[in-house]
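Heads up, the chain below is alone and in the form predicted alone; it's given as structure tokens.
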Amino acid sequence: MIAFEAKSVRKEYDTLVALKDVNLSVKEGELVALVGHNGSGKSTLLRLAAGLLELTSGELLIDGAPAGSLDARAAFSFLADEPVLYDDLSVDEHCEYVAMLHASPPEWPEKAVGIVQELGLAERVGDLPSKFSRGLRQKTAILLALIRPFSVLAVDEPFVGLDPSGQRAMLELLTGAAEAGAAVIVSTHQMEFLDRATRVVILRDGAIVKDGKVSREEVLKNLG
């Protein structure tokens, strides 16, 4: 089943065309890497899917619902490149808030404990994010993106700011989400993730120039 579908998606900012009639389908269980230079349109595509930007033209569907609609937002979990957290809520309180907001199933606390342990956050769950480093804020945002229900998980540069153990944990968590049946789309240049991805989609100047299983050499050539 197709969980994410972009049909002739176009996004313009005055005279700048950020996305040029992009067509992209991602099925449940796929692990897709989105690759391209800064300004290629990666973040724009993910923010359109999250309903944070409006399309200029075309159609973008999440589980068959228009991006930004209530049904699409319920099915779409988005981790932006800059963690957005409340400085007056502890990690535990963030988890409770997100779980309630998205009607997470009763077993969410057990799932949260497992993710906390994988990310090495067990000793910090009672702390406020205002005291955290960039890496700890990123790990907290990862936790929150994963404890809520979703059919599509979109992540923008998740490995930035993480130490090697955090990067390995992130890689396993993203892979696990796809294996559990979600469509996972990750904007990244992290080579280990590219090796594991089902597909690599390369964007250049707002258009898809490659979509498939791509070698490291081909990725580097397209980014060169």
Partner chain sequence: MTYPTITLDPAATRQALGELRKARFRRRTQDIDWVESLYKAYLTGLAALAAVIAASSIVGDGRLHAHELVDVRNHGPAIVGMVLGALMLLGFRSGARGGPLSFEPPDITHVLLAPLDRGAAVRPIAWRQLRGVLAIGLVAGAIAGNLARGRLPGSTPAWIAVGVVSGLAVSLAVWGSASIASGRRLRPLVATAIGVVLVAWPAADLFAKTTTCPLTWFGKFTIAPLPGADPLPLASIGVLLVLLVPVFALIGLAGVSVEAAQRRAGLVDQLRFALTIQDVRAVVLLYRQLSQHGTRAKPWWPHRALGGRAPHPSTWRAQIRRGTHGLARWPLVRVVRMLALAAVAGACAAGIYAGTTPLVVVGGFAWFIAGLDAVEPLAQEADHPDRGAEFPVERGPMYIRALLVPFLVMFVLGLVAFGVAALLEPGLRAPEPALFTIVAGALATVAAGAVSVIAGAPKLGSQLQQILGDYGGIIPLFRQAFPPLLATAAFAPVIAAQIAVKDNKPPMPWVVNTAWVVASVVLLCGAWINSRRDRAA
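Numbering follows the first chain given and starts at 1. Quick caveat: nothing in here was measured; it's all calculated off a predicted structure.
The form predicted together with its partner chain exists for this protein as well; it is not shown, and the discussion that follows is about that form.
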My question is simply whether G114 lines the interface with its partner chain in the model of the complex - judged by any non-hydrogen atom within 4.5 Å. no
My question is simply whether L52 lines the interface with its partner chain in the model of the complex - judged by any non-hydrogen atom within 4.5 Å. yes
Would you classify M100 as touching its partner chain in the model of the complex, given a 4.5 Å non-hydrogen atom cut-off? yes
In the model of the complex, does G176 come within 4.5 Å of its partner chain, counting heavy atoms only? yes
Given that its partner chain is left out here, which of G161, G68, G39, G64 has a heavy atom within 4.5 Å of it in the model of the complex? G68
Among the candidate stretches 162-170, 192-200, 177-185, 30-38, which one is within 4.5 Å of its partner chain in the model of the complex when only heavy atoms are counted? 177-185
Which residues within 155-170 place at least one heavy atom within 4.5 Å of its partner chain in the model of the complex? none
